[in-house]
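Shown here is one chain on its own, the form predicted on its own, set out as structure tokens.
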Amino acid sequence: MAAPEAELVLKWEREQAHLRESVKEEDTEDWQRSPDFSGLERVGGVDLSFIKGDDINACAHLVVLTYPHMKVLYEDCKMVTLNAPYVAGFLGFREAPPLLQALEKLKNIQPNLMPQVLFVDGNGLFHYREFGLACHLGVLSDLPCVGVAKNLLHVEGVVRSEEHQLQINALQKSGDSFSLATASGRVLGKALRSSQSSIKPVYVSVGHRITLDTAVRLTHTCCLYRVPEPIRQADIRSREYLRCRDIT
């Protein structure tokens, strides 16, 4: 690692540690405590899609869907240039700024459509330093936030082992889950079978202002397919945006 990058990583580690202190692992909204999420009307999803062969220019997409019907209420798409380098474990410093700008734009032009919870394609507390992209976005936007990753991040003894695969095989029906506990015994997330048609789980973790159990339950209710619909729609629409402009 070059010296300038090493200095940057140390700076980011300090910032992550500082921001981590603000993460709330609790349900802060009345709708979160309701068995059927009564009062929840708008769920958001964000995604960045990259131009093929280009890891600097990307399409940042924000969608807001109705809950529970998952109909698109609002979407915003913008080409952005990412200034921060990619460093594993520090995705928030690279991807959060344009996504926060999209949220701020919505807040300014149509505050009545602001999401009551935000789904992020990535991890929250299930992270090397318990501060993934979902935590980064959650703390800086002060929105309830849920991290949903499609692949398992290897964190503190949680690895894709034979035992892990056996736990996946034991997820018999949609909604089944198991805890992701580190070597120290701390539960940082859960693997969730989100759809009956998909045997591959998603990995859910707290981003901000929500408990893990609520995050898992909410994620399941937002899944028409394997990936929660807010994330799925943001991904589909951002890729379509690039395709329509023939810049993929």
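Numbering starts at 1 and follows the sequence shown. Predicted model, so just to flag it, every value in this text is computed and none were measured.
The same protein has a further form, the form predicted in complex with the DNA, not shown here; the description that follows concerns it.
- With the DNA omitted here, the record of contacts in the model of the complex names 82 to 90 of 162 to 170, 110 to 118, 82 to 90, 138 to 146, defined by a heavy atom within 4.5 Å.
- Though the DNA is absent from this view, in the model of the complex it lies within 4.5 Å of a heavy atom of just one residue from Leu73, Leu103, Cys77, Leu152, which is Leu152.
- In the model of the complex, His69 stays away from the DNA, with no heavy atom inside 4.5 Å.
- Though the partner is left out of this view, Ser195 does not reach within 4.5 Å of the DNA in the model of the complex, counting heavy atoms only.
- For Leu133, a non-hydrogen atom is located within 4.5 Å of the DNA in the model of the complex, even though that partner is not displayed.
- At least one heavy atom of Ser49 is located within 4.5 Å of the DNA in the model of the complex.
- Interface residues of 113 to 140, taken as those with a heavy atom within 4.5 Å of the DNA in the model of the complex (partner not displayed): Asp121, Gly122, Asn123, His127, Tyr128, Gly132, Leu133, in sequence order.
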